[in-house]
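Consider the single chain below, provided in structure tokens and representing the form predicted alone.
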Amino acid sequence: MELDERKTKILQAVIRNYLETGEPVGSRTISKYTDLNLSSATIRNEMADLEEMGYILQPHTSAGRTPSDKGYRFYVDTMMEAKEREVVEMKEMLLERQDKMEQVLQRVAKVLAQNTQYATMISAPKMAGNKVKFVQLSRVDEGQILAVIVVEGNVIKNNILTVREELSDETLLKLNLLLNTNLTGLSISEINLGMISAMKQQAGIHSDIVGEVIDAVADAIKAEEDLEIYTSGTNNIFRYPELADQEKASELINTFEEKEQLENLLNQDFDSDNTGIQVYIGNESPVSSMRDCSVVTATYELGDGMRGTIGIVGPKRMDYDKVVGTLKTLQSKLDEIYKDHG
């Protein structure tokens, strides 16, 4: 006898309720707990079937039901399937979006360099203050568990954690419940020591797993901080005699090729929460190879909370009016440009 949708929902409600309360679950609780709009009598009949099929147990004659190992196994498998589907769908959507984003930003950098006749750079957008979407622990073998961490912007990180002993399905479920109840929707700065110690206390003998998962969450959010930067028009530098000096120009072009210092410059604007336009003249520039230049940067935003930075590098006598005007237009248009390429 297969589990139909109704039995599945009732079984899931029994298990979730039992995991939260540790108390046997009665039909009246389930009638409040599910969206099935069934009478207590119908739920009692369904629960009797589930008991007969071995998914739930009745510890005492008058009491409610508790999940059996078979019930936990069904719950874990269906939950894992749903999460895996979600992760696969996210990865596919992410790859599609990244390809599209790359094409749009490369094109924007190129057009910007042609329009201004200066060197241009644009960083791929990232989430401001990444937040945890969900954490999923699952068993790999008796000594290892897999922690899948999904961060806003649908960044997915997989971490293998070593455990001293094999964890039961019930323990894994309780840890998943504990981690997701506490961490979902938080950024790393909001996960404080008090919260971590309270979670460790609740996890009891498995407190080390909670600690490792929080470290993995921090790593997942930090890893997302590497910037992808698209550049164009570096050869425009040679158009301006004051920048065309062989040594200066090659140092500047190196900076554009290696991108590490560009990352510091663009990250500075990103982290400052300043969404306006910044102008660095000569020595004001945080990048030493740009001390003979002017750098104008602007932060842009895409509709779903993603932000990046655009920068234009030219001589100190650059046409500031034109550059600032172009960046202002681009700031307001980038979201549309990205959507139009959809």
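Bear in mind the structure is a predicted one, so any value in this text is a computation, not a measurement. Start at 1 with the first residue shown and count on from there.
Beyond the structure shown, there is the form predicted in complex with the DNA, which is absent from this document and is the topic of what follows.
Contact annotation for A63: at least one heavy atom lies within 4.5 Å of the DNA in the predicted bound form.
For N45, a non-hydrogen atom is located within 4.5 Å of the DNA in the predicted bound form, even though that partner is not displayed.
Taking the partner from elsewhere, N37 is found to have a heavy atom lying within 4.5 Å of the DNA in the predicted bound form. Within 4.5 Å of some heavy atom of the DNA in the predicted bound form lies at least one heavy atom of V25. Three-residue candidate spot K131, N176 and A198; no residue lies within 4.5 angstroms of the DNA in the predicted bound form by any non-hydrogen atom. Only one of 52 to 60, 289 to 297, 276 to 284, 313 to 321 places residue heavy atoms within 4.5 angstroms of the DNA in the predicted bound form, namely 52 to 60. Taking the DNA as positioned in the predicted bound form, none of the residues of 319 to 335 brings a heavy atom within 4.5 Å of it.
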